[in-house]
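Presented as structure tokens, the chain that follows is alone, the form predicted on its own.
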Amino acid sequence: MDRTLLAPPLPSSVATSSESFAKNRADMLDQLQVIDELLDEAEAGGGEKAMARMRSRGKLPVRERIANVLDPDTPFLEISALAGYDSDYTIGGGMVVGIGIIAGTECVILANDPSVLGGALTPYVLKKWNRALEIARDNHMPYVSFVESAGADLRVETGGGRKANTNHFAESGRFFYEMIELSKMDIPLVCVVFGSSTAGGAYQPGLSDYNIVVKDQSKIFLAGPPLVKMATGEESDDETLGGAKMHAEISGLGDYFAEDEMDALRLCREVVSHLNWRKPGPEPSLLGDDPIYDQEELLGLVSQDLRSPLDVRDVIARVVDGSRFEEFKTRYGPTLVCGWASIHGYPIGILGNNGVLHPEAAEKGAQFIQLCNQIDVPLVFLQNITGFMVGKDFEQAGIIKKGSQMLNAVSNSTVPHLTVIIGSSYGAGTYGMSGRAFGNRFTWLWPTAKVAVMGPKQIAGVMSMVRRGQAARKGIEFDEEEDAQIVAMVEEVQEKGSLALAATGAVSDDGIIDPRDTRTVLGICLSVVRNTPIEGADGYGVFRL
């Protein structure tokens, strides 16, 4: 029988019948509707005509390929589904990346979307490809790639001059190095070639441990017939130069020969099934019962005006098992809530913001992180943070020293970190709360999240003060009307740039999630991170005490 965390359920006094709750809920649902529409757009790939053209050639859309390789009734956790939002590229960028279960094994799955620019390697494809490799490496998971790509996006290669050409080419090359590193780490690489895999793309199957080729569809060569003709004068065709039959029977690059796409997906499942993959664990050890509060209520907790107060305990109570939470140092540094709980039976430590980080809160956070490393417990960070507290009194109280202690603890921590940004994520506060720059395993956003150096009003105000000081030093009259216009413009630009959609479009996180899915997403991630042993840090760098 599962053990139960001996902690009482959190009390919650959320007024679900209040006007503010109803408004928050309505605003959240409006945001989720926008996101759902964008996800539908991403799923459409290159559009109806491109999809129809694929089907006419006996090819499945990329998401159908993924759905058919996964175990029945298992989830697919997509990564950066809205990459490329508000850019010149198709939403999704031309690639689908995610985590799914194949033959009982959690795998990272990367799939080119040939309906978008023929599966060309756009800048967003490169970002998602890098993230897929990173997830496989950090969590020691099998890496499955569905390859069908026209190669480098030549518009990038030629449109930005020599620098753009060099950077794009160099980034692509780095991925091949990372694939070799995965194999060296005993992480299997399984490649299904559904179509063209040309030039540098030929090294995707070339560097994989297992290759599946599809009759009359797979085309793998360093140079296609036109380039071979130009370079050597040799006449050739796709099939004899690099077709599936040739690679399966002559070159030996193809390890498995599939009659069609569904047969290729069957073979992929067979390959994964023989990997003898074992998770070091540990398995869930605590009772994984549902929270006692309705997870639907998560929709009404956060206001679009992030200055409105939010008790992060109300979020915790609707995410963790049985709403049980053992809080640590309740009365000390109260703007940071720390404590132990479990999600789907997995023990965790939680750090959640209830305001700015004061010196005492930062000190408490550093101690709590060390304690969780001592007992090998993963950490979940719930971010709603405007930063570390500033001002004379706080400088004298040692905010730099205490804040640095927390940054040191986060940096040296070796248990997995999972971060959910539910509100603000500003300045150095995002580092103290284990932002992406500090090596966390996953970062997820609620639609209400805002990510920036500081709040839009603060940025605009600081810039206004700088302009005012410059005018005074030069002895010229300060134009108040012009400055007010600039302030308004800066606030608008900074506000738009800080929104969750802007952040996720730039692939600075793993995606926006429905607040009601927070428990499920964290549960999947907690299972994924157990593909590597959970071991806390043996020691820490010097703490300035």
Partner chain sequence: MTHAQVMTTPFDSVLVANRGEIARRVFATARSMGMVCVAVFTDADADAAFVREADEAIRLATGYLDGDAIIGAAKLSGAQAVHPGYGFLSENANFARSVQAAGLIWVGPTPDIIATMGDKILAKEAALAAGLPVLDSYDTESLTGESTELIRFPVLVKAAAGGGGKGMRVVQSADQLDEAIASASREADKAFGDSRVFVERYVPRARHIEIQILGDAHGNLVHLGERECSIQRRHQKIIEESPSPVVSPELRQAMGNAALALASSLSYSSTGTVEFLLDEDSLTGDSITEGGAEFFFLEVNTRLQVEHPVTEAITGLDLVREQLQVAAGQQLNFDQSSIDFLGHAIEARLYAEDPANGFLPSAGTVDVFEPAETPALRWDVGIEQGSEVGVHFDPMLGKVIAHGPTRAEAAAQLARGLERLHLGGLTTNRDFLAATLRHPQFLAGATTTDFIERVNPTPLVSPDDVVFAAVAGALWMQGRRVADLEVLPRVPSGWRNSKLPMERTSLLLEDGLGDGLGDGRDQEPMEVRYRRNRDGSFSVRNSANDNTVSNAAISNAIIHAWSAEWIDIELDGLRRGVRVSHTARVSHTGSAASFLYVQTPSTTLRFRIEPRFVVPGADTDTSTLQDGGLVSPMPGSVLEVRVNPDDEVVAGQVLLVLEAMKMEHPVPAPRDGTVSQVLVEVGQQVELGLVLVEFE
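As the structure is a computational prediction, the values presented were derived from the model and not from experiment. Positions refer to the first chain, counted from 1.
One more form of this protein, predicted together with the partner chain, exists but is not displayed; see below.
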| item | value |
| --- | --- |
| Full three-residue contact with the partner chain in the model of the complex, heavy atom 4.5 Å, for L70, H344 and D517 | yes |
| Contact residue in the model of the complex, from T74, Q470, S183, T330 (heavy atom within 4.5 Å of the partner chain) | T74 |
| Contact residue in the model of the complex, from K127, R436, R266, R137 (heavy atom within 4.5 Å of the partner chain) | R266 |
| Interface membership of R63, the partner chain in the model of the complex, 4.5 Å heavy atom rule | yes |
| Distance check, I524 to the partner chain in the model of the complex, heavy atom within 4.5 Å | yes |
| V390, heavy atom within 4.5 angstroms of the partner chain in the model of the complex | no |
| Contact test in the model of the complex: E239 vs the partner chain, heavy atoms, 4.5 Å | no |
| Stretch from 301 to 309, 100 to 108, 240 to 248, 425 to 433 whose residues place a heavy atom within 4.5 Å of the partner chain in the model of the complex | 100 to 108 |
| Members of 431 to 449 lying within 4.5 angstroms of the partner chain, judged by heavy atom, in the model of the complex | W444 |
